[in-house]
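As structure tokens, one chain now follows by itself in the form predicted alone.
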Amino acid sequence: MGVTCVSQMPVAEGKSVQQTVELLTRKLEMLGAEKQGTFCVDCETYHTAASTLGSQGQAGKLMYVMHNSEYPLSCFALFENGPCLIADTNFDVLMVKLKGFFQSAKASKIETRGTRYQYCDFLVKVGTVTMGPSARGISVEVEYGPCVIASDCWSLLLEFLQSFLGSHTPGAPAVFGNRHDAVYGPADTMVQYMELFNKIRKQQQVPVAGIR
């Protein structure tokens, strides 16, 4: 796994989410990118059970349980403003047993699915973000495989992003600032997806129980 940038692509004016995805993938294919299967990243939100908060008016914490098809044997648990725990897939079963402490927020499941493309040393994933039956946005993930230090390859990543995102090219992900000279890992990618999903939720103003 290399250094990865996850960003949101706005829906083109006068187009649907699906039409914008098709425009984007067509650009990639014109550059010479080749399809390499599909991908999926999902996220379910849990909030601290009311019974554990006591009577002090404490604010509940959120935890995001996520999966990534690139890591089929792993489950990622990201705490609000906290660390990322990487566990095996049985962690989902553990969450059921922990329902006295963490409860699933209703209608909180959000995911992105789409096609993987390979272009030289870059792996590109363009996905449709959905909540329930509705398409909510577009995710774009670009990974530069040969490098694991974000500061060493961000300028190269940026140049490639500009080649097909144009004016919608994102700035450096916040997680890069925290790990400027550190080895980039899968948890850093999942943090970016968590931030993207929360951003899309807020844009859509989707009321989800337990999410502030």
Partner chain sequence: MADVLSVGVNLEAFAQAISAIQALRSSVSRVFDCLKDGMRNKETLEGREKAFIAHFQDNLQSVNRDLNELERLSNLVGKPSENHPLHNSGLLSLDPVQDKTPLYSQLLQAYKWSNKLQYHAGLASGLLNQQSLKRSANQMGVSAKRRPKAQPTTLVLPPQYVDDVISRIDRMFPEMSIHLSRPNGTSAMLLVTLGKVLKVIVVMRSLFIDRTIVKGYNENVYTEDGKLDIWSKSNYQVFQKVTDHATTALLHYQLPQMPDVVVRSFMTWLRSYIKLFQAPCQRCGKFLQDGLPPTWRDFRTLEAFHDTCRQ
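The structure presented is a predicted model; accordingly, all values stated were derived computationally and were not measured. Positions refer to the first chain, counted from 1.
Missing here is the form predicted together with the partner chain; even so, the following discussion is about that form.
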Residue among Ala49, Leu165, Cys40, Leu156 with a heavy atom within 4.5 Å of the partner chain in the model of the complex: Leu156
Examine Phe160 and determine whether its closest non-hydrogen atom to the partner chain in the model of the complex is within 4.5 angstroms. yes
Distance check, Glu29 to the partner chain in the model of the complex, heavy atom within 4.5 Å: no
Given that the partner chain is not shown alongside this chain, does Glu80 nevertheless sit within 4.5 Å of it in the model of the complex, heavy atom to heavy atom? no
Contact of Cys120 with the partner chain in the model of the complex (heavy atom, 4.5 Å): yes
Stretch in contact, per heavy atom within 4.5 angstroms of the partner chain in the model of the complex, of 165 to 173, 66 to 74, 139 to 147, 41 to 49: 139 to 147
